[in-house]
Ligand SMILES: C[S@@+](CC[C@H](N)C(=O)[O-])C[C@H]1O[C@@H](n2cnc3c(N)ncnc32)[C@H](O)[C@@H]1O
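Next up: just one chain, as structure tokens, the form predicted alone.
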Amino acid sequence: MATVETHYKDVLSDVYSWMLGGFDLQLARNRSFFEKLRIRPDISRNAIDLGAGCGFQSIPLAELGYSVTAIDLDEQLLQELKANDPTATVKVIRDDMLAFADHITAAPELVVCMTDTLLHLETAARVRQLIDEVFAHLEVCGQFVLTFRDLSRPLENLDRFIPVKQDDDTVFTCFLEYEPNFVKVHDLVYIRSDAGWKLNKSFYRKLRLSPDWVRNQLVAAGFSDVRVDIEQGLASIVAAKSTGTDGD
């Protein structure tokens, strides 16, 4: 079984922005998302993007005026971020997101962990560790924003086969296999070349986390005003560190 890092390196990195509709679409979506949440730099102006990938969150935050540190393990995606950052201000770090505190010199007022990144952690205990670390380092009155798919309810039978995207030269299909605490995600990517079609395939595990469970972990860590929104199976959670809570 591939780890998240090797799965992206072997299969997903080459098609990641393509499968999500490209930079223009994703940047527009996240600009609208942050506008809806009224995310604006207000205190230190420091922001951390955990699992930043190719910058779909980092770039809109930099455009808003944040000083953004983007952390991800995939070097190829981080290079895409650099190449497509019109602000040329996003600080790119290749590292595990749980090591984010090693790369900050001042408390952030905003931390984001979006697009299923939370589900890439190996265990629920690691999720709790990340939440505790974010709370400890976040500036008072700062916010933690998470988005992830609710995989707690399994798809059944043929619904587990998902046609992700296709065009004349690439066909991407996904198959989901449900386990008690994880989903095995099997990605099959057919790519056309002069020599014919080539299949890149791999699978890795994602955590099955319910929005209620994540909310409870945030509250237990000390976050207040935890807002949960679920739309078409995608959970969006915004948690605030209020003036009445203490962190390191």
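Owing to the predicted nature of the structure, the values given are computational and were not obtained by experimental measurement. Start at 1 with the first residue shown and count on from there.
Missing here is the form predicted in complex with the ligand; even so, the following discussion is about that form.
Checking 138-146, 73-81, 173-181, 152-160 against the ligand in the predicted bound form, the stretch whose residues place heavy atoms within 4.5 Å of it is 73-81.
Within 4.5 Å of the ligand in the predicted bound form, a heavy atom is found for every one of 53, 97 and 114. Contact annotation: of the candidates 121, 131, 90, 110, the single residue with a non-hydrogen atom within 4.5 angstroms of the ligand in the predicted bound form is 121.
Interface residue remark: residue 16 is counted as part of the site for the ligand in the predicted bound form, having a heavy atom within 4.5 Å. Taking non-hydrogen atoms only, residue 2 never approaches the ligand to within 4.5 angstroms in the predicted bound form. Of all the residues from 175-209, none has a non-hydrogen atom no more than 4.5 Å from the ligand in the predicted bound form.
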